[in-house]
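So here's one chain in two forms, each on its own in structure tokens, numbered structure 1 and structure 2.
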Structure 1
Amino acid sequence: MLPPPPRRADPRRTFAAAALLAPGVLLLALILVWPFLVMLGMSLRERFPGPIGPSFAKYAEFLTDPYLLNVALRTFSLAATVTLLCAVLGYPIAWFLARSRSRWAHLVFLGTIFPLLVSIVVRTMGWTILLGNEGLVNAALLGLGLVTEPLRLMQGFWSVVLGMVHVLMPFMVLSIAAVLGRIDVAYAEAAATLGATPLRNFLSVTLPLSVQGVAAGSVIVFCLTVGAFITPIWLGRGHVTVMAIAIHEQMVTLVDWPGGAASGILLSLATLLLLGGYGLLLRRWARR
């Protein structure tokens, strides 16, 4: 992604770059790196306030607690489901944005990024109005006589999936569209000339070439789902406990900071490992 270095490094320019970067790096060191280290230290305590440790008690507690393991499993299946749905549902929109010469393309682009900029609380409340017991969907179903009493559409895993897909789809669409826009159409045209059907052409030429965009979008969507709090708690109505809710519980309700820290570190590590494996898998598939 970075352009080739513009010039040979010379000490004076290196010094200038260091001076320009100093405030940014200092800020990130203080509010990103240092907190992460403090959290790591906190996770190695048995209790807080208390001796500094190191002890792996909180990690052992997490890994033997069926409730927390279940929450972790639910979090990652939610993230995987949301990522997959965003990729499948978002790909055609990205295709439209990158390839269509329609005069509506710019409007579709605005329609894609606008939700991204509307407050997440507003969007989640919109789903409440749509899916609630007296919401639009139930009103329509009752009006059409399809059901006799309101369906409980909220408070399930799938209502959270719906809300998260809605929130995160724009990230996926923009990532895929950016890569699709850079692919030379000549490849697909060559394949078509050589007799490839449109489907085969897509599967063996365009899709592998655009896999970078799907990968980048997946990483963003997956990470944002893993760390999400408001959509699961609001649309799940307390029935879909994910890691973010569990960490909030540990930190605020139980005031167990070492426990919350251990959960946080494990969540970051697991996310990193899963994404690493996913990256390897995609690279192998694209090279095939």
Structure 2
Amino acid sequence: MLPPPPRRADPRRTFAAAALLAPGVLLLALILVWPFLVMLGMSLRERFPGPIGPSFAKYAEFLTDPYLLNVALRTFSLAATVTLLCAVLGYPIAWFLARSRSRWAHLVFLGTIFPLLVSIVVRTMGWTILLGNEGLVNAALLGLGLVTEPLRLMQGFWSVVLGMVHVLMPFMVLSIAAVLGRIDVAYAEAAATLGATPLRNFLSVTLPLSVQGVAAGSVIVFCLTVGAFITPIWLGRGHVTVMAIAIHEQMVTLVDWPGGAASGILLSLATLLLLGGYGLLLRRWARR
């Protein structure tokens, strides 16, 4: 029997769908695409105000400036570290929220999303109160006689990592928990009846099925860390410069708008390339 001929699209339904999508598409173009195009045009100038003629001088300056390259490397190292820690620490919490029937699960859920209810500035200042030279940690160490002078717990890479993990952990936990909650427990039970150990069951069944949640959470955490400004500048205290801080210095302090725009364009392109490579690796791993 021959297959039925394909249905022709109804022009009226197509027009209705396009009319419904048009406001959202225009809004996205207005708030996302247009600013990016303006920044791209700004980056092709040698100075502002100045001639509009296309010039790649600012891109060449960035790629030949050891300071900016070092800042870019630190930014992506920070993003990768924060993403990895959020995934490792957040997966057990997500597992508990998705699979546990404990009466304490709702308290764990509230504790997970509670940081989202407080301003990022307040959360960062809280870590300052804890880790500062006169903070609670140093006061406790001095009171116990374990140290003779305050430890420098801030102004370092790992203090920024700690603050960023605290800020972004909920995004990772909620992304993984949403996927774990949709996985049928029958898969794990079937693997167990075939002799799989709990570790083998997790590595061969649960983790591959939940990789979409890990990937979604990783993309969110990575992108938010790459563009972070408040937490690095507050906890780093000038010793942990990331790209957001460097771009702010270029545009506000040095008044080099084309240079800041070029840095922003290169940061966006590098982030997209890294996320694209990450997606390809996940797809290959999921097919195994």
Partner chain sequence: MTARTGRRLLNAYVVAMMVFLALPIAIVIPSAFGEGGDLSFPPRGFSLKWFGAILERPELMAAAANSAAIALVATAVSLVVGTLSAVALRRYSFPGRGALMTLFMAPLVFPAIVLAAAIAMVLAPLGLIRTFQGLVLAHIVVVLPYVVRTVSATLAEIDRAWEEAALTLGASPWQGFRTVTLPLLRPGLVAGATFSLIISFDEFTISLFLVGSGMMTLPIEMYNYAEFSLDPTLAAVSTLLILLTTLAVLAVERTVGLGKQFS
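Treat the numbers as computed from the prediction; the structure is a model and nothing was measured. Start at 1 and count along the sequence of structure 1; that gives the residue numbers used here. Rigid core here is just the name for the largest C-alpha set that superposes within 1.5 Å across the two forms.
Shown first, as structure 1, is the form predicted together with its partner chain. The Cα shift for Ala16 between structure 1 and structure 2, taken after rigid core superposition, is 2 angstroms or larger. When two forms of a protein are overlaid on their rigid core, residues whose CA moves 2 Å or more are considered shifted, and Gly143 is one of them between structure 1 and structure 2.
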